[in-house]
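Only one chain is included here, represented as structure tokens and corresponding to the form predicted alone.
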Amino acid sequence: MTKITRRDLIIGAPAVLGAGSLSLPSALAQESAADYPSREVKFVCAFPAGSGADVYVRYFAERMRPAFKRAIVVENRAGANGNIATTYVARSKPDGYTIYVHAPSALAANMHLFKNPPVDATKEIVIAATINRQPFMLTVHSSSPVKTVADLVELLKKMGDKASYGTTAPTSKVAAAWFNKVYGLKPVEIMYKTGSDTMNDMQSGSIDYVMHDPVHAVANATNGSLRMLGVTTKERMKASPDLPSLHELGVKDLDVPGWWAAMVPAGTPQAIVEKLNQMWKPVIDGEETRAFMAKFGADTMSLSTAEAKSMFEKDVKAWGDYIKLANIEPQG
């Protein structure tokens, strides 16, 4: 029988530990996926409470509770065109307990709207589940004499640089710049934090139009405050088939949809990412969510994690082209 000395044990220990550590990450991932979630989950919103984005995030915080079987807390981290929330999520622990309910299309836009974006979203953020595809809406106040896009173009041409318009997010910024470029318009851009912040200026006539997010646009069109003239997608949306696309109204090739997803920090175990995808899918595909999204002119969209990754990578490239076409100078 071979005698094992203390020296043999000391020398052999690193090799044994090294061999065991090779399978440790996958084992931990499997265990965490099996047990996940075992505590409170945080949903991060990039805009203030009461905004259109906040409406979405809180809707899903409520609808996802039965699937998570845990408390879900909404945390609003507004500012810097969404970069504050994006940076916060990217730097969070990659364990599946910090979930960013936001638009990957906005992240893609910020990759080009800023000279030095704080986050490389393609490397630091992972899409766990997709939620919807939605347009932004070209809107005027209901008290405006403008009834159609043609009316608006005529008014803005007469006003020249005395006209102004509002934007609230990257999608609205690019779509409005594209709209102005196509028609040779010179209105001054005014940026707002949320759609609600534009309403007094719209009513007073201080701004002539706004590219609004669909939650705010549809809600205020329904209550009689806004008039929607068209959508920023190339094709009409299934949820709002009577609302024309700006492409068909003359803004050729304008196709700037937004889309929403549940995202997590890069490094989150793939088993948890896939589990999140399966947890979200029944809620997204359910009739209740379809009806909820339809109220805001959006169509639900449920993709696999691989499909979502591919869509996001294409979106990042497309937004580079959009911003060049719109002649937008990156900030910072």
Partner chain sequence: MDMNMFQNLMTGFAAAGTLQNIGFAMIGCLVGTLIGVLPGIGPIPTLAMLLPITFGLDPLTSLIMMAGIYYGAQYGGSTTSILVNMPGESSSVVTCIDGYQMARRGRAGAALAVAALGSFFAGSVGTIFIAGFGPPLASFAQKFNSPDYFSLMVLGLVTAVILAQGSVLKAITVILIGLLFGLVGTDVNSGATRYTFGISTLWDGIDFLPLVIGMFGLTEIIRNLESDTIERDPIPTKMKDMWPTRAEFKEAIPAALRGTALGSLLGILPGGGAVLASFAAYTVEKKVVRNPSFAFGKGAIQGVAGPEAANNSAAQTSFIPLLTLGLPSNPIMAIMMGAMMIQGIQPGSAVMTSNPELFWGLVASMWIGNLMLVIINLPLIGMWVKLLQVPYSLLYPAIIMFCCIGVYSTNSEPSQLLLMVIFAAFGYILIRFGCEPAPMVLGFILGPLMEENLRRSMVLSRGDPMIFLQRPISATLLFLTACVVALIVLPSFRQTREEAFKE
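So that the term is clear: the rigid core is the largest set of C-alpha atoms that superpose within 1.5 Å between two forms. Numbering follows the first chain given and starts at 1. Keep in mind that this is a model prediction, so the values were computed, not measured.
Quick note: we don't show the form predicted in complex with its partner chain, though the next part is all about it.
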Please state whether all three residues Leu152, Lys158 and Arg227 have a non-hydrogen atom within 4.5 angstroms of its partner chain in the predicted complex. no
Test of understanding: in the predicted complex, would Ala34 fall inside 4.5 Å of its partner chain by heavy atoms? no
Indicate whether Arg63 is a 4.5 Å heavy atom neighbour of its partner chain in the predicted complex. yes
Phe68 near its partner chain in the predicted complex, any heavy atom under 4.5 Å? no
Taking 4.5 angstroms as the cut-off for heavy atoms, does Arg58 touch its partner chain in the predicted complex? yes
Can you pick the stretch from 91-99, 200-208, 120-128, 237-245 whose heavy atoms fall within 4.5 Å of its partner chain in the predicted complex? 200-208
Would you mind picking the one in Val146, Ile84, Leu249, Ala177 that has a heavy atom within 4.5 Å of its partner chain in the predicted complex? Ile84
Contacts from 133-164 to its partner chain in the predicted complex (any heavy atom within 4.5 Å), listed N to C, are Asp161, Lys162, Ala163, Ser164
Superposing on the rigid core, does the Cα of Asn220 end up 2 Å or more away between this form and the one not shown? yes
So, superposing on the core, is the move of Gly79 at the CA at least 2 angstroms between this form and the one not shown? no
At a change of 3 Å or more, would you call the C-alpha separation of Ile190 and Asn110 in the predicted complex closer or farther than in the form supplied? farther
